[in-house]
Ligand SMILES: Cc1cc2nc3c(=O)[nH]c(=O)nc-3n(C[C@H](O)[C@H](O)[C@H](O)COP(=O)(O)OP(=O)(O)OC[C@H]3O[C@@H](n4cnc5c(N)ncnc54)[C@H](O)[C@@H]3O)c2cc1C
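Encoded as C-alpha cells, the following chain is the form predicted alone, with no partner shown.
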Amino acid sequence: MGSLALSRVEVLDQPAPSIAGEVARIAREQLAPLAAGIDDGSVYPAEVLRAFGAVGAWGSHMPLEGPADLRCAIESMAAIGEVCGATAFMAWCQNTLVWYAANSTNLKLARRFGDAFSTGRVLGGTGLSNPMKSFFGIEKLKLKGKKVEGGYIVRGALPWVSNLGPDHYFGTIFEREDDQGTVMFLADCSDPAITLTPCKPFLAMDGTGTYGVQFRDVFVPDELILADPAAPFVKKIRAGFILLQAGMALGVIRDCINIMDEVDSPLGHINRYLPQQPVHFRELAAELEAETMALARDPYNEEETYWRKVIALRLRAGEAGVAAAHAAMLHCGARGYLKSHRAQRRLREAYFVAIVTPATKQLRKMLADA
C-alpha cells in the first residue's frame, strides 16, 4: 500500500469497543456543561478534546497492518454529537488529521505525528474544503506552491479552517506553480508566515476554532509533505474523509429523538397530529447507522459502486439530520424557540452538517458525475 501501517494507540490498553463508552462518559460529564459556550463562541474545548484523545477516540481508525476500520471512530463521534454538534465537528477535524498522517507515504511524517495527533497531544484540523471543491469543478485551488531546495514556498489564503489554534496543525493542498500537479502538506500554525484571522460570527458553533488562514511565502519543508502528488492520496483517503462525517449526523439525530421523547409527556396529546414521530427517526437512524458501519469496515475499497454508496449515505445523513431537528422544533413548540432550549441549537447544528464540505449540493453533483 506504500503507507505506514501504524498500530492503534493503546492509551489505556482497552479494547476498541469500550472507547465509545468512555467518550460518551466524558461527553456527559465534561462536555455537556460547555455546550452552550461552544455554541456562542466563548469556549474552545481544548482540554475536553485532549481527554477524548487520552481514551483513544482519535486513534481507533488508524490502519492496523494494512486495513483500517472507521466504526469505532464514527460511534465515538456520534456519542460526542449527541451532546454537542460543534464538538462532534471538531472531532471530525481531529480524526481527519489523524487519517491524513496515518495514510501518508511520508513515513517520517507518519512516525513524527502519528501518536501526537491520535492521542490529542497535538490538536488540529483539515483544510480540504477548497481542494475538495476544486477536484469536483466547483472552485479553483486557493494555494500556490513553488518548488525550492528542501521543500516548497506556499502563498494564498483559505477562508475557513476549523479546530485551529496557535500550536495546531492542519492538512491542506496547494497547486504547483509549474503546473506539475498538486501537493498535500501539513501546515504548522505556529509558523510566523501563517496568520490566523478570526471569522465573522457564525449562526452556530462559534467555538470551533475556525479561522481564515493566510500563507505569506510559507516555507513547507519536505518533512511536512503528506503526498506529492496529492491526487492518488486524495483518492485513497476520500471515502474515510466523508464517512467519518456520518458521526456528526448520527449524534444530532439521536439527540433530536431524545428531545421529542422529553416533551412527549406534556405535549404528546397534541404532538401526535404531527406527521413525523420519534419512531420514524429511530427507524431511520438505525438504518443509517447500519449502512454507515457496513461501509466503515472497508474505507480503502476502490470500487466505484462503493464510492457512490459513500456519497449517497452522506447525503441521506445530512438531510436526515435537518429533518430530525426540524421535527424536534415542532414537537417542542414555543419552548423550543427559547434561546435556553437546545432544540434550536440542534436545528442550527443540523444545518451545518448539511452545508459543511461536501455540502448537500456538492454531494448531489458528485452523484450526478459519478
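Start at 1 and count along the sequence shown; that's the residue number. What you see is a predicted model, and the numbers here were worked out from it, not measured in a lab.
Omitted from view is the form predicted together with this ligand, to which the following refers.
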| remark: Of 289-297, 247-255, 135-143, 218-226, the segment with heavy atoms within 4.5 Å of this ligand in the predicted bound form is residues 135-143
| field | Residue among 184, 205, 213, 242 with a heavy atom within 4.5 Å of this ligand in the predicted bound form | value | 205
| The single option of 119, 271, 106, 129 touching this ligand in the predicted bound form, heavy atom within 4.5 Å | 129
| message | Against this ligand in the predicted bound form, would residue 99 count as a contact residue? Criterion: heavy atoms within 4.5 Å. | response | no
| message | When the contact criterion is heavy atoms within 4.5 Å, does residue 24 count as touching this ligand in the predicted bound form? | response | no
| query | Should residue 347 be counted as a contact of this ligand in the predicted bound form, where contact means heavy atoms within 4.5 Å? | reply | no
| said: Quick check on residue 89: any heavy atom within 4.5 Å of this ligand in the predicted bound form? | reply: yes
| message | At 4.5 Å, heavy atom to heavy atom, what parts of 349-370 sit next to this ligand in the predicted bound form? List them in sequence order, or say none. | response | 352, 355, 356, 357, 359, 361
